[in-house]
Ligand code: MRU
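First, one chain by itself: the form predicted alone, in structure tokens.
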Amino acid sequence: MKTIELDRPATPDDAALWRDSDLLLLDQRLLPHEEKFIHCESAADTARAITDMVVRGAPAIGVTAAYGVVLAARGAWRETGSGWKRAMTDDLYRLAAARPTAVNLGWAINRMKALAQTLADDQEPEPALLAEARSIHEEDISANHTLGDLGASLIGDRTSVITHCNAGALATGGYGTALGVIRSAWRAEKLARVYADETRPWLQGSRLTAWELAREGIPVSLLADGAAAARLAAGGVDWVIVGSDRIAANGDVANKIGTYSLALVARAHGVKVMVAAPTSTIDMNCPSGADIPIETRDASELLGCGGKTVAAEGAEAWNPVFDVTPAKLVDAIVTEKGIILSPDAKKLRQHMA
């Protein structure tokens, strides 16, 4: 992988770009101070970029993985010709293992694999697969606009909201899920302010959500993660709006670590919780939150910050990336297909039918 810069400023919609026959990923580890792109020339580059958090957010990971399949097929075709389907198997496994919690990853790879199986062995696969990857990308953007408007319709009088982590354009194909709702609500003049949890340990709220909202001109105030309860107790906030990396068939929601505690605090203060996510995030083969694989990352992410150790020598750390919010704490799940109020297994089955 190599780092490059574009000939223009980056925008929140630049999370994944197909340009000049290769994949460019806005390096979200460097935002908001640097706007550089990782140039992925192979599926291995793409998988590494996903694992290393160059790109993050379940929908964006799915879009990126789809383009990664294109690179895998291209490499396999150049290497073996008619044996390309078998030759790209290892690359597909590598992509699928890059981030286990985000269900969109497997969904996108399976969709690309299904198309690949319809192609002839002696047919160059890149054109058809690239068209499919672009369709996945465009469909995600369209879905986000739709669910953004639907979610905004739930917000009543002009109010403020809290969001956790980053579920904006950077985490999707474009526009955003939770931030898509916020964007639509802002344009409808329903929002006074957004409070963004800083979201330790990667500080996606501080670095990414604040960057996106500031670029949009939407008033944003950062909160230490532990300040959310006090902010809700002070009043003036009617909704917690978050995204999701996987929604189980019973409505349990896996999202960035800290979402569960925020939902508990919201319930204690009579504040509603909205989860905004495309239907590709709903895993009907996963019965409940207990069945969602939760990724745990290296302890060093918690023991240090900004490349410097902050913890006492000898301290250990437990660093799960996600937690599960039970469906009973969720007031609404919003997808491009509609709104599920007080979600449960029956309502999700009907929604996905």
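Numbers for residues come from their place in the sequence shown, where the first is 1. Please read all numbers here as calculations on a predicted model, not as lab measurements.
Beyond what is shown, the protein has a form predicted in complex with the named molecule; the following relates to that form.
- The stretch that touches the named molecule in the predicted complex, counting heavy atoms within 4.5 Å, is 165-173, out of 70-78, 108-116, 226-234, 165-173.
- Put simply, of 284, 315, 53, 299 only one has a heavy atom within 4.5 Å of the named molecule in the predicted complex, and it is 53.
- Using a 4.5 Å cut-off to the named molecule in the predicted complex, not one of 200, 260 and 325 places a heavy atom inside that distance.
- In the predicted complex, the named molecule stays beyond 4.5 Å of every heavy atom belonging to residue 65.
- At a distance threshold of 4.5 angstroms between non-hydrogen atoms, residue 204 is in contact with the named molecule in the predicted complex.
- Contact between residue 183 and the named molecule in the predicted complex is not found at the 4.5 Å heavy atom cutoff.
- Among residues of the shown chain, residue 94 is not one whose heavy atoms approach the named molecule to within 4.5 Å in the predicted complex.
- If you take 23-59 and check each residue for a heavy atom within 4.5 Å of the named molecule in the predicted complex, you get 53, 56, 57, 58, 59, in sequence order.
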